[in-house]
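The data below hold one chain only, encoded as structure tokens and taken in the form predicted alone.
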Amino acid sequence: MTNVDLHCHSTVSDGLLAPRELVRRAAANGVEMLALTDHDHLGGLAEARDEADALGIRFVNGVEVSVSWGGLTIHVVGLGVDAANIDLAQGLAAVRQGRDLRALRMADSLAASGIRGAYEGALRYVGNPALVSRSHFARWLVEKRYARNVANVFEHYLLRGKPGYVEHQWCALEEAVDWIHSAGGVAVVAHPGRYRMSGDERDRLFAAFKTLRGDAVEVVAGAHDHAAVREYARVARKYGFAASRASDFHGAGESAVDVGRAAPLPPDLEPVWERLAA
């Protein structure tokens, strides 16, 4: 099997490695095709592509779009997008506008529980001032020993009902799919096993995604165990989605799976990379 990783992050969003360093790590791990999919931002693609070309890796322009659907935040990855597309660029800019206000409100929520200085602390972990995320807060909370590690943070903070959580409205599912398609890309539901959905909610999500001409689902993802891989392989077959393979790598010590080290796809599924232009 070709070693493909179609979801990872750099310092342009909430990864720990600069785009060039991320590509070098992927090359060292034997990756042959790589997509950089920073949250709501295309700023790392040119640097990553330059390094991938130098190292002989096939590079895919990507982005991970934040979506509000059914009271949940979900993510849709766009693969093979034209980074110069105006519709996509303007849509992502609109999504990013609310991020800093959300970060300030998260800090206020943490302060109300007795944890002060979180916004300033999170900023020390930010590589791109336009994109302050929960991961940056999580790293600061670990530094200050409010949690053992980043995974432990998300057991006690920043989730619904926990200190640091705030409601936020991202873009609509239809908008995300439309922007990705307008940019010539393939729309993929990212790591569906992470979403706290009932079976009925999950069915409604994938039915809506199919109606909107969504293309694929991450069957293999860093957050998916064997049971989740089986479940989302079933979803891919049911709806006729292509299947993606992804680590969702953010950094060593933080991510469940290293870049390029995800499990193989079930052999009967259509790999999403076969839908990407050469």
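Throughout, we count residues from 1 along the sequence that is shown. Quick caveat, the model's predicted, so the values are computed rather than measured.
This next part talks about the form predicted together with a small molecule, which is not shown.
Contact annotation: of the candidates 151, 130, 208, 123, the single residue with a non-hydrogen atom within 4.5 angstroms of the small molecule in the predicted bound form is 151. Residue-level contacts in the predicted bound form: of 94, 111, 147, 159, one residue has a heavy atom within 4.5 Å of the small molecule, and it is 159. Exactly one of the stretches 112 to 120, 99 to 107, 81 to 89, 178 to 186 approaches the small molecule in the predicted bound form with heavy atoms within 4.5 Å, and it is 99 to 107. The small molecule is not shown here, but in the predicted bound form it comes within 4.5 Å of a heavy atom of residue 39. Using a 4.5 Å cutoff between non-hydrogen atoms, residue 224 does not count as a contact of the small molecule in the predicted bound form. In the predicted bound form, no heavy atom of residue 204 sits within 4.5 Å of the small molecule. For residue 49, no non-hydrogen atom is located within 4.5 Å of the small molecule in the predicted bound form, even though that partner is not displayed.
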